[in-house]
Each structure stands twice: as C-alpha cells, then as structure tokens.
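Consider the single chain below, provided in structure tokens and representing the form predicted on its own.
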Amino acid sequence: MEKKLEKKIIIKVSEVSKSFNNNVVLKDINFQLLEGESLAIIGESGSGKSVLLKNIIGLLLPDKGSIQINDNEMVHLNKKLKEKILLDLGITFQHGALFDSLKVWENIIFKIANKEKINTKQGKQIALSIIEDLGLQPNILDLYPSEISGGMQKRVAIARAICGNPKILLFDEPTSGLDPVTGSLIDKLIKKAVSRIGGSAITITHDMASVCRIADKVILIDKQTISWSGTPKQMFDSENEKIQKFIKTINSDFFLND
C-alpha cells in the first residue's frame, strides 16, 4: 500500500495574541491551513475574526506569536519581502475596499496590471470572464464603484481577489448582506476557484449555510481563542454550546433545496 503524502502547510499560525489598550482580542491562536483546503472561521461579532485576518496579511502586528506563509515568517518581515509574498494572495475585505477612482474593470485587474502590461481591451476581457461567473452584467465594467450597488461592489471585490488565480484566497464575510441566491453563487465560485487552481482558502463568515457549502474544516473563535475545530459534518454532532447556537441559524430550507 502506498503511503499517503502529507499535504503542505500553506499558512501556519502559532500562539498568536493581540490586544488593544489592554483589551485582549486574540489569545494563543493556533491553526494550520493545508494545501487545497478550504477553512472557515466562525465566531460572534467582535470575537476577533477580522483582526486575525489582518494579522495574517500584516495590516496588524501580533503582540506575540508566529505567522508563516509558505514557510516564510511574516511577523517583522521587511516590507519589500512581505509585499512580494502577499502578491500571491487574493484578499477581500468585509466592505469591499474598492478603489473609488478606478472603473470596475480596472479594480478587478488591479493586481495583475501591476505585474504585467495589459491594454484596455485585454483588461476588459479578463474582467468580463470573471464577472460572468458572479452573475454580473458586462455593462458594469465601465462604471465606477459608486455607481453600482453594495451587493455588486462585494462581488466585484471577490472578482478582484480571484483574478490572476492566486494560490491563497482570504475572504472576510463574502456573503454578508447578500440575498441567499447570490450568496450561494459566491460560495460556488469560491469552491470553483479553489479546486481549479489547487489553492487554499480562509473564509471568515457567520453564514452557516455558506460554511456547509465551502468548508473542509471549521474553527470557532470564542473568548479570544479557538474553542472548537472540526469538519462541517462534525459540527452537527458537537456538544459545544456556541456551535449549536450557530447551527440553529441555518434555515431548514437549506437542507431541502441547496
């Protein structure tokens, strides 16, 4: 019998803690993201999920601990090397964070346009090929973010994250504020993006239907630390009170129709 190859560790978070003015937000966080894995991070509002994401990508510096991306220690890494590593990541923030002065198509191809020369026709073709999977119409490409709805802005931000097929995808509340149909569409796109490129993804969410659709593994942040981890299937057998509270938010129609 052939020995099963161990999957490569893509992101490794070890003993990470973060406080603001003596207010402890994260304490001794430990987890790994493996190659080809889709990880969902859940927790109540204010539990530190987004703070954790910002620590991973270097927008915040942990008070202690280690964060490695592809074996590169990110904490205290010099700016130039950190930026080079982050070029391989596709990231969405909770409120989109699109560039107001750029048109939709320019927002979508922003990262790859900074790495290679792309003319307008090529840029629009690349952007169009992505937004079609997101249920967006071609006529939005020449609009500015302020000219499209909040839900569309969120989908454009996701298009920007997956443009260029980055191997690591990080999503902060990708389905928040979206209707169930659009939310399901986003989830399918995340799964498609991960499987197509053999990449890995971390999704911060409170949408438990989404968790069931996209996640291979789930971790729960509660009382500043990880209080539970397991598969979506294991969630339903868990006796953890917070896990059960989250499960109860799943509409029963999800099991019948999704």
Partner chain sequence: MLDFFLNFLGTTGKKFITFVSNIGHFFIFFANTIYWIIRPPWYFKRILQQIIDIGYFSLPVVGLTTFFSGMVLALQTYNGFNEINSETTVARIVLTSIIRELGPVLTGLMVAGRIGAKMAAEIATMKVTEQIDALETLGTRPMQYLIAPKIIAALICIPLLVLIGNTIGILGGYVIAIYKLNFNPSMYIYATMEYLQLIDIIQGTVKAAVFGIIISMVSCYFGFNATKGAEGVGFATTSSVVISSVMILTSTYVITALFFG
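For clarity, every value in this text was computed on a predicted model and none was experimentally measured. Numbering follows the first chain given and starts at 1.
Another form exists, predicted together with the partner chain; not displayed. Remarks below refer to it.
- The chain is drawn here without the partner chain; in the model of the complex, the stretch among 135 to 143, 121 to 129, 182 to 190, 107 to 115 whose residues come within 4.5 Å of it by any heavy atom is 107 to 115.
- A heavy atom within 4.5 Å of the partner chain in the model of the complex is found for one listed residue only; from Met74, Leu178, Met152, Ile91, this is Ile91.
- With the partner omitted here, the residue from Lys27, Lys54, His206, Lys217 that has a non-hydrogen atom within 4.5 angstroms of the partner chain in the model of the complex is Lys54.
- When the partner chain is considered in the model of the complex, Ile148 lies well away from it, no heavy atom lying within 4.5 Å.
- The partner chain in the model of the complex is not approached by Leu61, whose heavy atoms all lie more than 4.5 angstroms from it.
- Interface membership of Ile168, defined by any non-hydrogen atom within 4.5 Å of the partner chain in the model of the complex, is ruled out.
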